[in-house]
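In the form predicted on its own, a lone chain appears below as structure tokens.
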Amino acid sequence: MTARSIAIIYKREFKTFFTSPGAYIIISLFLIITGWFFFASFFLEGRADMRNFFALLPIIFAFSIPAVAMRLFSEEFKSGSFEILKTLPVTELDIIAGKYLASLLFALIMLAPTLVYPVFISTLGDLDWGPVVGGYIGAVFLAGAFSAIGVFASSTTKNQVVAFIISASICFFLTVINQSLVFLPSFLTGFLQYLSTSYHFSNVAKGIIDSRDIIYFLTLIFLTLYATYLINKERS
């Protein structure tokens, strides 16, 4: 695996995102939804903070990022272009890493315009920047984890819709499991809480960077990308 080979795949995939209107639709819907909840909180509730925005971000990411990543492998398998891709001087790991980085960068570009929100608030009054910075750091890790899940789901099928359903289901489950703990036996709550992406994201979003939360996200990314590697290896 080399940086040059990964860059070849990454550039190829990233350009492909913007050759269809799908990418622009996803970005537009993301900004409309996040903007609505932000300004509803700001003007209707009179709260000059980003609390509602970061509280809803995991749910919004759980559907928007799978919509981005669903085509990464499934479209290649359906069209047969994956076999052509493998004739290039790149390895399986290069392909996975390049596609993953393209998906992650797209997610971060989708998130970037929301930086206007805290700047807007700060012009009107005092803003506690600690939770804001923590929230965006958490958002980067969350986008990384959901992008990895999207890449994994896309590698399991030739159908983009099926890939989206698999990915969104996993992301949604990991997001809401933390809210379902009250209905579960107490001996399961600790383990299931640790599995929750929203639990770890909310910890980071408080402005407190704990190594346990970082390790969780990095482990989730590694395991899903490694599973993607094993699936592609079976196809070879």
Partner chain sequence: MVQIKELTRYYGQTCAVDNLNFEIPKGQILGLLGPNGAGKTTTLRILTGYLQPTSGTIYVDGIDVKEDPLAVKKMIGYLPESSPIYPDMIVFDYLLFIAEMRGIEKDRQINRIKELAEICSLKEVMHKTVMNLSKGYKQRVGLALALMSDPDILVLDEPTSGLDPNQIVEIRSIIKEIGKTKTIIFSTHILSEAEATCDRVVIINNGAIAADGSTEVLKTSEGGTSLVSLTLQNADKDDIAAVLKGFTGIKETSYNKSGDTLEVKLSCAEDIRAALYSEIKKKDWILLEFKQERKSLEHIFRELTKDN
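Numbering follows the first chain given and starts at 1. In this text the structure is predicted, and so the values were computed from the model without any measurement.
Beyond what is shown, the protein has a form predicted together with its partner chain; the following relates to that form.
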- Query: Is there a heavy atom of Thr91 lying 4.5 Å or less from a heavy atom of its partner chain in the predicted complex?
  - Reply: yes
Given that the partner is absent here, does Phe82 sit within 4.5 Å of its partner chain in the predicted complex, heavy atoms only?
yes
Is Ile231 a contact residue for its partner chain in the predicted complex, using a 4.5 Å heavy atom cut-off?
no
### Query
Looking in the predicted complex, any heavy atom of Asp128 within 4.5 Å of its partner chain?
no
Here the chain appears without its partner; judged in the predicted complex, the stretch of 73-81, 159-167, 135-143, 103-111 with heavy atoms within 4.5 Å of its partner chain is 73-81
